[in-house]
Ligand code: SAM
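In structure tokens, one chain follows: the form predicted on its own.
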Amino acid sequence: MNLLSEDLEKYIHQWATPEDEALKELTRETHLKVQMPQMLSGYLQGSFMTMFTALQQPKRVLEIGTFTGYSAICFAKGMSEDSLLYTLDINEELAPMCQRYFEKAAVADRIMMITGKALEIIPTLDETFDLVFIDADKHNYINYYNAVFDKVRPGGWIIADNVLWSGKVVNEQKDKDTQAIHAYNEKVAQDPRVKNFILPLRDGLNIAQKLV
């Protein structure tokens, strides 16, 4: 889903810091070689991720859903050299491609990629996270939220991607993925332990800050 007109998006690209060359190359290769390349975070959202981490300066970040590594690179580029991002993905075949681009973007020392089922891996991580980014299978969003919540420090952030789901969240008739996304948004909004806002950037980001 694109919430901006083509002309507005071109304007933003023209008057903002250019996309990193490694990210441009990663985008090209993803579109050439990987199914569903639209899953890439892309320039606009990626720029926001880099600025968000630069502002917050998290020491420990957890990403659930790596794909080809675009969002991991964007987060890591805003992080300090002594910080660490764990990124989890079930697809072992894409791991070598991710690692190659982590190196090209000069952030490999800040990223630890783990392949496997996230709900099995998360309990084994002996860390307290400043930021968690959820961008994996939609029907497990609530399960991921529950799994990470106690590992996020008070004042920390949980961000979920695709929470507008191409605008389908406002449809009366919702398919299963849309129902799962809507249920996630509803749960976060009703959770007294957080305050949240849905940012209409790309396909929607639910940004929640843990209060206690």
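Counting begins at 1, following the sequence as shown. This is a predicted model, so every value here is computed, not measured.
Quick note: we don't show the form predicted together with the ligand, though the next part is all about it.
J.: Exactly one of Tyr70, Trp157, Tyr145, Tyr43 has a non-hydrogen atom within 4.5 Å of the ligand in the predicted complex; which residue is it?
T.: Among Tyr70, Trp157, Tyr145, Tyr43, a heavy atom within 4.5 Å of the ligand in the predicted complex occurs only for Tyr70.
J.: Thinking of the ligand in the predicted complex, which stretch from 124-132, 77-85, 90-98, 103-111 has heavy atoms inside 4.5 Å of it?
T.: Only one stretch qualifies here: 90-98.
J.: When the contact criterion is heavy atoms within 4.5 Å, does Met39 count as touching the ligand in the predicted complex?
T.: Because a heavy atom of Met39 falls inside 4.5 Å of the ligand in the predicted complex, the answer is yes.
J.: If we define contact as a non-hydrogen atom of the residue within 4.5 angstroms of the partner, is Thr66 a contact of the ligand in the predicted complex?
T.: Yes, Thr66 is a contact residue.
J.: Pull the contact list for 194-212: residues with a heavy atom within 4.5 Å of the ligand in the predicted complex, in sequence order.
T.: Contacts from 194-212: none.
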